[in-house]
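Single chain ahead, by itself, as structure tokens, in the form predicted on its own.
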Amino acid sequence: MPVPTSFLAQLVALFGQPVAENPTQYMQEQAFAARGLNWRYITMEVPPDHLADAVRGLRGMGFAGANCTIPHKVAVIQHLDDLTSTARKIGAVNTIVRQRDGSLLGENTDGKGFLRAVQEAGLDVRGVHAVVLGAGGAARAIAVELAVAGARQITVVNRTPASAETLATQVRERTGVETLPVAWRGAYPVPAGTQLLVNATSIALFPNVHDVVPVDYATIRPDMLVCDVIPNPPDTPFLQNARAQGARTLDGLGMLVYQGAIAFQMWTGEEAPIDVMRRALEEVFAQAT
């Protein structure tokens, strides 16, 4: 084993609650090792009333950055020095980057990770009609990124109509893209002309792996790309049912890998080892099943 030339490691962290089951540390540390970087990723349980102290600690100890997950993605904004334009439109941050002058920049890589996975699947989102199921944090990031990337129309479907309306209004006002709210009642019929259908809810997330997204699957057509943000298990009943209708599908592993890869590059300045990161997640999820 080679002897390191310096024992001073660069540090990044994850702030959230709960975080015990979060696989990001393993994924990022495998990526650091693959690039020969003396970096460490520390998973930290941070209650909401300690978030300000956690960010001050990050500043004081010279951390290179951090990830934020539930429940801190919105609350952390007030403790940062600046936001990227996309994070400002989304109104939530999942990645913090320490700048050269020591200031902390907030970014949201969730939607960017989703877009990269979609583009890799061969879909150009410019001009598409997209339907997003859900109105939570993942739906917010995905809807905004789709709008910024040139989607023609976005439909937000949610069981709480007020939440769908709030998200649709936010996307319209901040991007200028036509965004329609729809109340989710029963099995949702996917409108004709939809090219991209995204489940951005937590339905079928482990351990509830057999739960089925309430969609009228007969309305899914072969010309659609159907995506799920659930990474564990990657092949959800939603995707299985969509494939049975002839549609192409995209699982949530790609989004999780690419959002982490974008953060990796922002922190380190190096290209992320995508294959290593994907294998790391596959290992974690295989052990969890």
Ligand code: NDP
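Fair warning: this is a prediction, and the values are worked out from it, not measured in the lab. We number the residues from 1 along the sequence you see.
We do not show the form predicted together with the ligand, though everything after this point is about it.
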| item | value |
| --- | --- |
| Among 172-180, 187-195, 147-155, 128-136, the region lying within 4.5 Å of the ligand in the predicted bound form by heavy atom distance | 128-136 |
| Close approach of L256 to the ligand in the predicted bound form, 4.5 Å, heavy atom | yes |
| Any non-hydrogen atom of P233 within 4.5 angstroms of the ligand in the predicted bound form | no |
| Touches the ligand in the predicted bound form: C227 (any heavy atom, 4.5 Å) | no |
| Distance check, N208 to the ligand in the predicted bound form, heavy atom within 4.5 Å | no |
| Listed residue that, although the ligand is not shown, lies within 4.5 Å of it in the predicted bound form (heavy atoms), from L123, I203, L115, L80 | I203 |
